[in-house]
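Have a look below at one chain only, the form predicted alone, in structure tokens format.
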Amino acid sequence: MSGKFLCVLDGEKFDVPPVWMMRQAGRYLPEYRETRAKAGGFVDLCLDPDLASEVTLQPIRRFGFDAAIIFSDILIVPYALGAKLWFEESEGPRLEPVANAANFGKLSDQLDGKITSRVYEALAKTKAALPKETGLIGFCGAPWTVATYLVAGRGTEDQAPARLLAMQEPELFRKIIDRLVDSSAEHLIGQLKAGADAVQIFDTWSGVLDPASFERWCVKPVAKIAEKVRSVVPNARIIVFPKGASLDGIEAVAKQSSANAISIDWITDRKECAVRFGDKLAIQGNLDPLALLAGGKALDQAVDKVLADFKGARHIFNLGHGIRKETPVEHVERMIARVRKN
């Protein structure tokens, strides 16, 4: 039995849309914090199949979301290619930088199955435990976004290190992107085979690129991933999320990847988006995470506006980015009740 989430991806519309949240398994939940403490480090939590599955299921048990997204990280792919990965508390992920040919040469051209198999095991465990009507989402980072971390070794304000390398050594940067295209497609295929009903490609930093660079480093690589995935899993459902991109950019990514859905951030014009994409594909989004943090009437009004602007469209209610860690649980409960008109 397909639940609402998968039905919308497959072409249906509902007056009351399905709902889930990016980063719905995370630090705003007390049960997550307890599980994280058991695991030790963040990478340990991602790669412990039992704990990763438990964390994935926690928000489903508490809120009854229409979809679960496997608890993992976009940097598992470079880690499985041999890049050293660790997390600094309160500062985020760190990678051993790959900013020259010598360091690139140290990367493997194959994913380490001992690492990725743990993600697939977590997916299989989660799939077996989920209600039948709840969709399960796998994911990866888009090559451009992952490359920004890989080149700099960390997140930066404007992703200047990756942009500069792409300008100064375009052939090396192309090799980095190509390696990430191949390994990301392989990882998504592995997740789909393990039980994921759909996959999402997160391009968190696509909005920092000029149009020509966006076409080269965002549109083409994501389209190539989709092509590779569907050559093995022909009916794979794919959601693309080029955060910060213009409507033209979003359309280019969606069209060239033949995406089933686009996910949009909170600055995207919803009405224009609904008009432009109409019945072509599903639209996922796009409540401002700060509105969820604000709560009260501000949250109610923001939820109502999203629902009104997407009325009549194939819509999956979601945030325009991940939930903020300081968001009160009761605000999430209020949002879901508002969406579902409880």
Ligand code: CP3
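For every residue, the number given is its place in the sequence shown, counted from 1. For clarity, every value in this text was computed on a predicted model and none was experimentally measured.
Beyond what is shown, the protein has a form predicted together with the ligand; the following relates to that form.
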Go through Ile70, Ile316, Leu47, Leu287 and name the one with a heavy atom inside 4.5 Å of the ligand in the predicted bound form. Ile70
Which pick from Pro93, Gly190, Gly244, Pro161 sits with a heavy atom within 4.5 Å of the ligand in the predicted bound form? Pro93
I need the one stretch from 254 to 262, 198 to 206, 224 to 232, 100 to 108 whose residues put non-hydrogen atoms within 4.5 angstroms of the ligand in the predicted bound form. 198 to 206
The ligand contact in the predicted bound form: Tyr149, any heavy atom under 4.5 Å: yes
I'd like to check something about Leu81: if you look in the predicted bound form, is any of its heavy atoms closer than or equal to 4.5 Å to a heavy atom of the ligand? no
Answer for Lys305 alone: is it within 4.5 Å of the ligand in the predicted bound form, judged on heavy atom distances? no
Can you tell me whether Val19 touches the ligand? I mean in the predicted bound form, with a 4.5 angstroms heavy atom cut-off. no
All of Arg27, Leu75 and Phe139 with a heavy atom within 4.5 Å of the ligand in the predicted bound form: yes
